[in-house]
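One chain comes next, on its own, written as structure tokens: the form predicted alone.
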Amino acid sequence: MAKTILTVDDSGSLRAMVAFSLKAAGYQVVEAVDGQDGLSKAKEKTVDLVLTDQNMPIMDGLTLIRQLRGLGSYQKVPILMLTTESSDEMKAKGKAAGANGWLVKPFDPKRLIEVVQKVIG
């Protein structure tokens, strides 16, 4: 059974690119338009990995990560930030919130798949 990845980003074109890359590598993808939508979809079905942007309306990525880590079913699920934010300060905030890794946009689809495979197989 294919592993499922939740991708959370307010950019439709970026979500489509990420989803296309992940599906081509054999993963199932659930898409969410912002942190609140991501949290709702995560509660509906526990996924194997969460990829989230930081800067989104309604609920940002760090808030989403903290909310997910508060759920029993997401305490050990890997969460990666995929964002334009690359400062050491923001990475430290991500790590403190519970992020397991960080990828900077624009992303290389091949590198994305390499990281995902390393994290969840």
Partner chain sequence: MNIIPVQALKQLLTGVSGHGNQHLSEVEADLQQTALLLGEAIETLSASFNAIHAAVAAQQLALDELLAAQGVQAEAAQPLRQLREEIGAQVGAAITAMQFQDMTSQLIGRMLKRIDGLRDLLAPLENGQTAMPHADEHEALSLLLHNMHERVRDKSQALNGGLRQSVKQQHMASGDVELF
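As the structure is a computational prediction, the values presented were derived from the model and not from experiment. Residue numbers count along the first chain shown, from 1.
Quick note: we don't show the form predicted in complex with the partner chain, though the next part is all about it.
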Using a 4.5 angstroms cut-off on non-hydrogen atoms, would residue 69 count as touching the partner chain in the predicted bound form? no
With a cut-off of 4.5 Å between heavy atoms, is residue 43 one of the residues that contacts the partner chain in the predicted bound form? no
Distance check, residue 14 to the partner chain in the predicted bound form, heavy atom within 4.5 Å: yes
State yes or no: in the predicted bound form, is some non-hydrogen atom of residue 2 no more than 4.5 angstroms from a non-hydrogen atom of the partner chain? no
Heavy atom within 4.5 Å of the partner chain in the predicted bound form, from candidates 48, 34, 85, 31, belongs to 85
In the predicted bound form, residues of 96-111 near the partner chain [heavy atom within 4.5 Å]: 99, 100, 101, 102, 103, 104, 105, 106, 107, 108, 109, 111
